[in-house]
Structure formats: structure tokens, C-alpha cells
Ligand code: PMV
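The chain below stands alone and is given as C-alpha cells, in the form predicted on its own.
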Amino acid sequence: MNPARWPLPASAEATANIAMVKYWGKRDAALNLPAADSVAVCLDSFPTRVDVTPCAAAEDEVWWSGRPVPPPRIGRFLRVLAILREQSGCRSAVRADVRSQIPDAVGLAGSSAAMAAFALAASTAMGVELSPRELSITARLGSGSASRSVPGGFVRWHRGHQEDGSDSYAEEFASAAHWPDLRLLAVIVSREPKAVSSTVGMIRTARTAPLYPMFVEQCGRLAADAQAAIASRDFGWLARTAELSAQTMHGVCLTARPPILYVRPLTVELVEHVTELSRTLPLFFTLDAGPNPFLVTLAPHDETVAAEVARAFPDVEILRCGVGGGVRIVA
């Protein structure tokens, strides 16, 4: 490669992912190495596009929805660029424009989609050819969960054991076509910012929660169960596994000092209602570090589930998604 020829314009698109088995806490915060494995589903809706172009400015620029990304947030992007420059020899500045269709503050982890798309667009612009594993690792350096938005379909993010993070990456174990009628509904209870960010919450829980070691130990078993349940398309098994993972994560947060509570009263009411509906419908919930539950069902029932939730909770917003592919280059 001739570094003088690069960077060239490149654009990529990715979607967010939703964890069926949660990781919570990092064994190395600088490298975004998780304390445990996690299993997630990549979505087919609300894509994020990143355009990377040569820049005449002296320094790299990152813009999100037409606004410059401020410090320290831009540092995540600059770190990925630094890694790619080591591999490419390219020293020219670039500009990245992030355009996300993910609604703000709904728990769809917009940073995971943005960083996955950025890693692919930037590596392509700089002429760095990365394998799917290498791309997942590169995206992980900018945002941990971005590693899971690289492969697509149903993915497992390996905790890894190497101190340098070379074996901590996400890989697809089943494609989106494997279970095409799986449906996810994001139920928006609140758009208000969290009082405790996920980063702060992870650190506090790992340092102060007496039940945290049990949670980490359990994650490995649940990840294996979730992967097996998805491989066999066993909805009931996946439901039990995913709900236990979410319940355990929120439970261990309550044992931190001071306690961390992400749910709202309406969240609890909604989960109770979903539990009742699951007696007659294929349906379960999962809940990330926030108040907005994600409901999982099957295609013949998603309209019924959405209607039942809307009837019981007329003020919530419901976003419907399916299983999608991974990050890709776009024109």
C-alpha cells in the first residue's frame, strides 16, 4: 500500500445489538475487556451511517448529526484512528460524519452501531484490510458493545484471557436467517438521562457489590445456555436464560454501595404485565442498564404483543425490530 494515496472516502452502516446475556463490568477498562462473555442479537432497524473523508484540517474531526463530537467522547474515535494509522502508515487527517437513525435516549446503544460503522469506514478509507475478528477487536477499543455489532445475526462476545485483548472479540454463531421470525420490541418508558452511567455503574458494582463474583461466574453458564437455545430455536429456554440474566444484573446493582437502581415504577408494572401475557403468548423481557424493557416474541404474535402493551400502557412508545446483519460498506 502506498500511504500517500490514502485516505479515500468510505462509508459504512451498522445497527445496534441487544444483549440476551449481559456482561457488567470490565477486567480492563482501558482496552474495554469485559469481565464475562455475553450473547446478543443484532437488529435490522435504525441503522447508523458513518462517512469518512479526507480532511484539510490539521487534526481529525468527528461530527455527529451535524455537531462536532466534544472531548472526552471524541477520544474513543481518535483511539481507533491511532490504531489504524499504526497499521496503514497513513498520517493524513480525516473527517467522520455520523448519522444515526436510532432515537435518542431509548436504550438502543447508539454508540455500538456508530463505532462499528466507524471502524469499518475508517479502516477502508486507510486501506487496512481487517478480518471480521480484527474488525470486532478494533471496534471494541472505541466501544465495548460495538464489537457485537460487527458480525451480525446472533453473536457471542468472548471475554478472552489475554492481557492485550487479542482474544476478546465477538463472532456470529447463527445468522439472521437462522431464526427469521424472532421479533424485538423496545418499550420506551423514559427518555431522561440515567442518574448513574453504565460506565460508573459497572465500576461501582465491581468494586463494592458483594454478589458481583457470583454474577460473573453465572454469566459463563448463561452465555452457553443462550447460545444453545438460539442454535436449537428453543424459545422457552432462551426466555428463561435471558430473563435470569437481566434479573441478576439488576439485582447485583442493588447490592452495590450506594445501590444502583435503573428501573422506574412503570418499568416494574410493565414487566409484571409482560409476565402475565407470557402465560398465553411466546414472550419474554430483557432489560439493560436503564428503565426501558425490550420484549422478545415471534412474528405471528408481535402485533398482538404491541397492541396489548399499548392498551395497558397508552403513554409508552413501542419500536419494533427483527434480527439483522452486521456492519457493511455502503455507497
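All values reported here derive from a predicted model rather than from experimental measurement. Numbering starts at 1 and runs along the sequence shown.
One more form of this protein, predicted together with this ligand, exists but is not displayed; see below.
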Note: exactly one of Ala242, Met202, Val98, Val189 sits with a heavy atom within 4.5 Å of this ligand in the model of the complex, namely Met202
Among Thr124, Ser88, Gln218, Ser111, just one has a heavy atom within 4.5 Å of this ligand in the model of the complex, namely Ser111
On the criterion of a non-hydrogen atom at 4.5 angstroms or closer, are Leu182, Pro282 and Val309 all touching this ligand in the model of the complex? no
Per contact check vs this ligand in the model of the complex (non-hydrogen atom within 4.5 angstroms), the hit among 203-211, 78-86, 160-168, 136-144 is 136-144
Can you work out whether Ala226 and this ligand are in contact in the model of the complex, taking contact to mean some heavy atom pair no more than 4.5 Å apart? no
Although this ligand is absent from this view, report whether Ala289 comes within 4.5 Å of it in the model of the complex, heavy atoms only.
-> yes
| query | Just to confirm, Ala19 within 4.5 Å of this ligand in the model of the complex by heavy atoms? | reply | yes
**Asked** Applying a 4.5 Å heavy atom distance criterion, does Ser198 contact this ligand in the model of the complex?
**Response** yes
Across 22-50, the residues having a non-hydrogen atom within 4.5 Å of this ligand in the model of the complex turn out to be Lys22, Tyr23, Trp24
